[in-house]
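Below, in structure tokens: the form predicted alone, a single chain.
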């Protein structure tokens, strides 16, 4: 039985500021096979890593641009975002309690000050250097028609993945399934996944209706029978976000789970043992 992939959620964000290159490096150091991160468009059409619709939570935008609340990502240019500090908040908020517990030293946390918001190019280049597999989540609105911005995002992601020669190292996912349909229409060679809160009644039929290779369901709604159907039909199943040790242990031995997205890749690697990653796209 093949082992599920260990995918660090927004990087190893339990021990580093999420969606940064520092989080990717820590993921690699902790034995992750890859990492999942979120992509959004800036005002001037550049692709950056950012989960929230605004810059407020994970940067110092409120201090750098006090007059521009609520600091929506799409209201700022890449140059403006590049100058923000995307690391100091981790020391201030200690989001997973790892500084308080001693898993991250205060010295380490202080070193994250000044960490920048990476571009997608930055993230993919570092991933290739580190040998990490990548799940690129395209942020978008579910159940909405494909917007011009959505089309632009997909076009630019496809162009960059092709330029860098990383087709066999990426999985592009989204809750906006129309973006995935469009991606598969223009780049059938790039593996894609549908993000879902609940597995649909006919998971294989639904997935194939969009041309995707994999489905990424929320772990709390995992349905083993539907996962079996997907896996036996040749599709991947990537669960998010699994953090509790008992849940990690349960899913680690489930033959229908292709990969586990977790904020604690170190916990999952300790359960699984040596890496099970092999290049070649979703499995």
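Positions refer to the first chain, counted from 1. It should be emphasised that the depicted structure is a prediction, and the values quoted were computed from it without experimental measurement.
The same protein has a further form, the form predicted together with a small molecule, not shown here; the description that follows concerns it.
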- Query: Is the gap between residue 213 and the small molecule in the predicted bound form 4.5 Å or less for some heavy atom pair?
  - Reply: no
- Find out whether any non-hydrogen atom of residue 240 is located within 4.5 angstroms of the small molecule in the predicted bound form, and reply yes or no. yes
- Might residue 96 be said to contact the small molecule in the predicted bound form, defining contact as any heavy atom within 4.5 Å? no
- Task: Tell me, yes or no, whether residue 176 is in contact with the small molecule in the predicted bound form, where a contact means a heavy atom of each within 4.5 Å.
- Result: no
- Task: Name the residue from 250, 51, 68, 43 that puts a heavy atom within 4.5 Å of the small molecule in the predicted bound form.
- Result: 51
- Query: Taking the small molecule in the predicted bound form as the reference, which of 261, 15, 268, 24 has a non-hydrogen atom within 4.5 Å?
  - Reply: 261
- Message: Only one of 161-169, 147-155, 183-191, 134-142 has heavy atoms within 4.5 Å of the small molecule in the predicted bound form; I'd like to know which.
- Response: 134-142
